[in-house]
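Okay, so here's just one chain, in structure tokens, the form predicted alone.
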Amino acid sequence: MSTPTTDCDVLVVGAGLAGLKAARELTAAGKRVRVLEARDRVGGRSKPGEICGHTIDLGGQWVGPDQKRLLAEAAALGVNTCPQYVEGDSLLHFDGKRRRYASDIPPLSPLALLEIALLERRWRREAGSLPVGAAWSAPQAAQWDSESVASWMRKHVRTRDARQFLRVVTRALLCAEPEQVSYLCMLEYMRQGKDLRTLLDVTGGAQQDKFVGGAWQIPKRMADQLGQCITLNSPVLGIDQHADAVTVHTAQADYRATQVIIATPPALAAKIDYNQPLPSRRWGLLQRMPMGAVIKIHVAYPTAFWRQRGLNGAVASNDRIFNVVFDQTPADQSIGILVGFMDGAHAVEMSTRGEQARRDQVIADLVSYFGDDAAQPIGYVDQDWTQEAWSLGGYVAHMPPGVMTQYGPSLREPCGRIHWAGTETATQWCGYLDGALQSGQRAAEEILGG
């Protein structure tokens, strides 16, 4: 390896929103910073793409009114918002039946709707009992963490429609199956996003607005401001801690600094070689936080034909594979675009079957939702995040049963000269772009305050 470079105070591993935010905060405070990014681009799980000549977000794209950090960052960078299209009816495709509805209440059975309302009240109470940043210390944490969402559901949810609703919700939020996710983890996710209704809703919720031109512009403009301190195509292979410094090894060079921030998904941080073994609790956490599985898909048509039928393009389904859909039509309406997701077990299965099989499945599902007009798209683009070597999935890593109470206290705890960032470490809006920003700012403040 080359001679260590000593030209920086802080090294940041990862040029997603968390790493870029940390780097900007440190640079503004006068620190010399070097950002090392494995990919050939910045942005992490925020990535641009194109369909039929229109730029699209292949990663995170929405913002809600409660995500103040993201809104402020975007405004400061000159990236404006526009509302998600909501005019018209939404569609629910449950158990082979297609139903349209105009309100925020899906057309499920009255008993299921009553049970869901009672469950939401219960979840607000239980999630509200979790201490901010320390869910593992709640009085009932051990009990809740011993259950998966699925096992909890079998004990406490009586109607089939409500169980199916919760299964769809778990997939939509965490891109994982209810059997894989701790009930405590799900409660903490609800707490971080205010409540389940806020997480799911468009108007007033986390999907209320999009960014004109795409959310990918935010990390791109942040990186442009940082300039030459970002080194791309530089996967970190190892980190050596010394008494007075830290050395970070890449295939091309070694870098030396006083502190390092790791702003990558936990599964990627686990692949780094550490000369000083991490504390057992931290090491155990990195090995036990798998990423969700998700494939994001855009489909283009000559027109937004669904709008002409009084539909807003929104679909949720418990029995189709392309099971969550939104309208993504550009403002000039020169073409119509639908965007949606395969998530959880569906994403794992369809990833193995290849792009053509996914395209065929998506079109079949859209025909089931919207009729024969959906059979002839003019463009198709999918982003399989499970095959991204430097993401390993999306949107976020989750904790299976037993992980949060045993390993959770190490989530944000520095390990010597190593600090941790990334949306998984947020205390508000974990799994979202806003949470990534919060985590980067917190990691920078740890160093500046130390």
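Sequential numbering from 1, following the sequence displayed. Only a predicted model underlies this, so the values are computations on that prediction, with no experimental measurement involved.
This protein has a second form, the form predicted in complex with another copy of the chain, left out of what is shown; the following refers to that one.
- Task: Quick one: from 257, 185, 291, 315, grab the residue that has a heavy atom within 4.5 Å of another copy of the chain in the predicted complex.
- Result: Exactly one residue meets the criterion: 291.
- One residue of 208, 368, 148, 247 in contact with another copy of the chain, assessed in the predicted complex (non-hydrogen atom, 4.5 angstroms): By the 4.5 Å heavy-atom cutoff, the listed residue in contact is 148.
- Query: Quick one: which of 54-62, 39-47, 25-33, 400-408 gets within 4.5 Å of another copy of the chain in the predicted complex, going by heavy atoms?
  - Reply: Correct option: 400-408.
- Would residue 273 count as a contact of another copy of the chain in the predicted complex, using a 4.5 angstroms cut-off between non-hydrogen atoms? Taking the distances in the predicted complex, the answer for residue 273 is yes, it comes within 4.5 Å of another copy of the chain.
- Proximity of residue 287 to another copy of the chain in the predicted complex, heavy atoms at 4.5 Å: So residue 287 counts as contacting another copy of the chain.
- How about residue 383: is it within 4.5 Å of another copy of the chain in the predicted complex, going by heavy atoms? Residue 383 lies outside the contact set for another copy of the chain.
- Query: Any chance residue 81 has a heavy atom within 4.5 Å of another copy of the chain in the predicted complex?
  - Reply: Residue 81: no, not in contact with another copy of the chain in the predicted complex.
- Item | Sequence-ordered residues of 266-285 touching another copy of the chain in the predicted complex, heavy atom within 4.5 Å | Contacting residues: 267, 270, 271, 272, 273, 277, 278, 279, 280, 281, 283.
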